[in-house]
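Given as structure tokens, the chain that follows is alone and in the form predicted on its own.
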């Protein structure tokens, strides 16, 4: 059986490509670009040659055990010392030769606590323009145990994003305690003492139930027996911006 000329030419082309690939892989490309073990070795040597800058929190605790004990029980217990005080290996080697940075401006704390809607609900956030303007954060807060000197009176101190949403909704005039009952401990340990939430359709019906006595006249009314079937109201309506779905 005679092999067609086209197949022969295709085989020659494939052979040439394979040969060029092998030459490029083992001859033209340097080993430093293809050898994983060599890459690891060179990278390790390069990084090891760099000067050490961080002493590590353990070195800080050896001398500052009183501060370390206080911080270990605070909201900042997971933060590394040098995250705020900058790399301090020289200070650890000779405390009198170099002093760690002590942040006294407002920008250091603002990296975590300036208002940002992407942060978790309940995370302490402030408006830098209005919150004790021009004062250093450490004037009122001990960084190693940053409990506020005064417990916030308004929910918006921690729930600024929700407050901004509610302010432009039809629920703007309702206080948070209309729908939520928060234990006093929620102000100091918010994640361990959560506020209550309405868990029945009857709660919203006190204002929006059709034919109910004493409901506000301006509040939209629905037949609570048929509207939304058995779903809870908040499964279709966001309480802080309760515009209805089409």
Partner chain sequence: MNKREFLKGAVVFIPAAGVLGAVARHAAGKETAAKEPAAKQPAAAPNAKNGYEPSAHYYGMGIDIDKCIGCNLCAVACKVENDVPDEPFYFRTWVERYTITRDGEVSVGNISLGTAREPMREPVQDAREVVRTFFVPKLCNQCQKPPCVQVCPVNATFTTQDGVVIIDAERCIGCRYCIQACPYGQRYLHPKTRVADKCTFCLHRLVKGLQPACVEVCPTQARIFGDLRSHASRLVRFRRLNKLHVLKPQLNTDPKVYYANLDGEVR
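What you see is a predicted model, and the numbers here were worked out from it, not measured in a lab. Positions refer to the first chain, counted from 1.
One more form of this protein should be noted, the form predicted together with the partner chain, which is absent from this view; the next part is about it.
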Within a 4.5 Å heavy atom cut-off, is residue 178 in contact with the partner chain in the predicted complex?
no
Contact flag, residue 79 vs the partner chain in the predicted complex, heavy atom cut 4.5 Å
yes
Could you confirm whether residue 47 comes within 4.5 Å of the partner chain in the predicted complex, counting heavy atoms only?
yes
Residue 215: heavy atom within 4.5 Å of the partner chain in the predicted complex?
no
Please identify the residue among 98, 156, 174, 112 with any heavy atom within 4.5 Å of the partner chain in the predicted complex.
112
Under a 4.5 angstroms heavy atom criterion, identify the one residue in 27, 33, 189, 69 near the partner chain in the predicted complex.
33
Since the chain is shown here on its own, which stretch among 192-200, 207-215, 48-56, 178-186 would lie within 4.5 Å of the partner chain in the predicted complex, judged by heavy atoms?
48-56
Going through 86-105 from first to last, which residues have a non-hydrogen atom within 4.5 Å of the partner chain in the predicted complex?
87, 105
